[in-house]
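Presented as structure tokens, the chain that follows is alone, the form predicted alone.
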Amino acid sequence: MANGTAKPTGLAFSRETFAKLTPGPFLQAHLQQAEPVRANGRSLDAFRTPTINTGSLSHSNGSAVVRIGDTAIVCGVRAEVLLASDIPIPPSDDSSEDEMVEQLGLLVPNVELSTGCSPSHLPGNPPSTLAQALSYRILSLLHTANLINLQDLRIQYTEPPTDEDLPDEGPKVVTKAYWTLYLDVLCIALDGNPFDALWAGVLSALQNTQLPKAWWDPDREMIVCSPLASEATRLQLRHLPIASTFAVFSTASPIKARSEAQSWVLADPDDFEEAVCVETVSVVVTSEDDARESVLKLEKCGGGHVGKVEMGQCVRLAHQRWRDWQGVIGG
């Protein structure tokens, strides 16, 4: 330039480059606005809208496809007969029916994360521990929730009367077998918060499950199942517990006093938010017999940024999420 020197231009990055190079400061810049808004455009307490389709897998006893944002899963239920005579250690007489479901292993979830479901699950990568951890969490919640009545999984036989029976004794009913439900859950797209989507898929698939009419044939000494769909019975769930997960983003660092740090609770975190958050909280809310909803289970993982106030906020939002889900999963 004539009569002067050119002013240096500032270094500016595009939104996508800023987010990729410094994801933490990028999210922090959004949250520190006068009206905090997340990088995905949602407010702090906004959940993604779920969609559910059931009965898509024709060769399973029950199935569901659940999509929450860009996280999508498929769940299929496969019912198999477990003969009582094949149980190596029968449950004790003191065991309750709910304990017997766990002891007999009648609910068997298996979670798989498909290749390509997220950037961290590329072809050739070793299997991650995430699928195994999610399988354990689903199994634990199935046993805690006591969703299924053991009587619905029994295959019983009424023995014919004999000369040794006492006159005042009624017919003797024995359990010859149980239905074992294998829940195969495949995550086909993962954009954060897989647990909520997986659990919703398990609930929806169990609601959709139909068990064939089965009985004990004493002549052939085996369980026989009817091929007629009209004779099948739909599995009944006692209640519909809903899981809501939250992530905590904090500005805390080793060189900053804890009192100076800020933290935000983000409902239903996506994959980008999970990568920069330091703590997660999962709240499971349910209601039985049309009573007021209550907290069934609470899990926390990570640092110590969630106090009484933040935990109360998570529980309050989880209760609201439970009400919202009833029209989706219970309709």
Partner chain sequence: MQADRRRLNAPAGGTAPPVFAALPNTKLQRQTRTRKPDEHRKLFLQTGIVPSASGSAYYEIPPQSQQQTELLVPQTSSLKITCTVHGPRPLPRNAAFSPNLLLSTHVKFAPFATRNRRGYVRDASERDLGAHLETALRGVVIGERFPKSGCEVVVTVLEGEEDGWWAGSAEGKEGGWGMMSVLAGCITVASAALVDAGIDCVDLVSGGVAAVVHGAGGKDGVLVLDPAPSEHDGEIRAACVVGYLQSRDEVTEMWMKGDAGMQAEQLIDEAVKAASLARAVLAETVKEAAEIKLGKGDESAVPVNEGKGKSKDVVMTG
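Positions refer to the first chain, counted from 1. Between two forms, the rigid core is defined as the largest C-alpha subset superposing within 1.5 Å. Keep in mind that what you see is a predicted model, and the values were worked out from it rather than measured.
Below, we refer to the form predicted in complex with its partner chain, which is not included among the displayed structures.
- Each of 58, 179 and 184 comes within 4.5 Å of its partner chain in the predicted complex, counting any heavy atom.
- In the predicted complex, no heavy atom of residue 305 sits within 4.5 Å of its partner chain.
- Contact check for residue 15: a non-hydrogen atom falls within 4.5 Å of its partner chain in the predicted complex.
- When contacts are judged by a 4.5 Å heavy atom cut-off, residue 47 counts as touching its partner chain in the predicted complex.
- In the predicted complex, its partner chain stays beyond 4.5 Å of every heavy atom belonging to residue 293.
- For the options 252, 108, 237, 150, the residue carrying a heavy atom within 4.5 angstroms of its partner chain in the predicted complex is 108.
- None of 263, 287, 40, 53 but one reaches within 4.5 angstroms of its partner chain in the predicted complex through a heavy atom, and that residue is 40.
- This chain is displayed without its partner chain, yet in the predicted complex the stretch 119-127 from 196-204, 240-248, 119-127, 90-98 comes within 4.5 Å of it by heavy atoms.
- Contacts with its partner chain in the predicted complex, taken as any heavy atom within 4.5 Å, map within 224-251 to 224, 225, 226, 227, 228, 229, 230, 232.
- Core-superposed comparison between this form and the one not shown: the CA of residue 105 stays below a 2 Å shift.
- Remark: with the core as the superposition reference, the CA shift of residue 115 between this form and the one not shown reaches 2 Å or more.
- One change in the predicted complex concerns residue 186 and residue 123, whose Cα atoms lie at least 3 Å closer than in this form.
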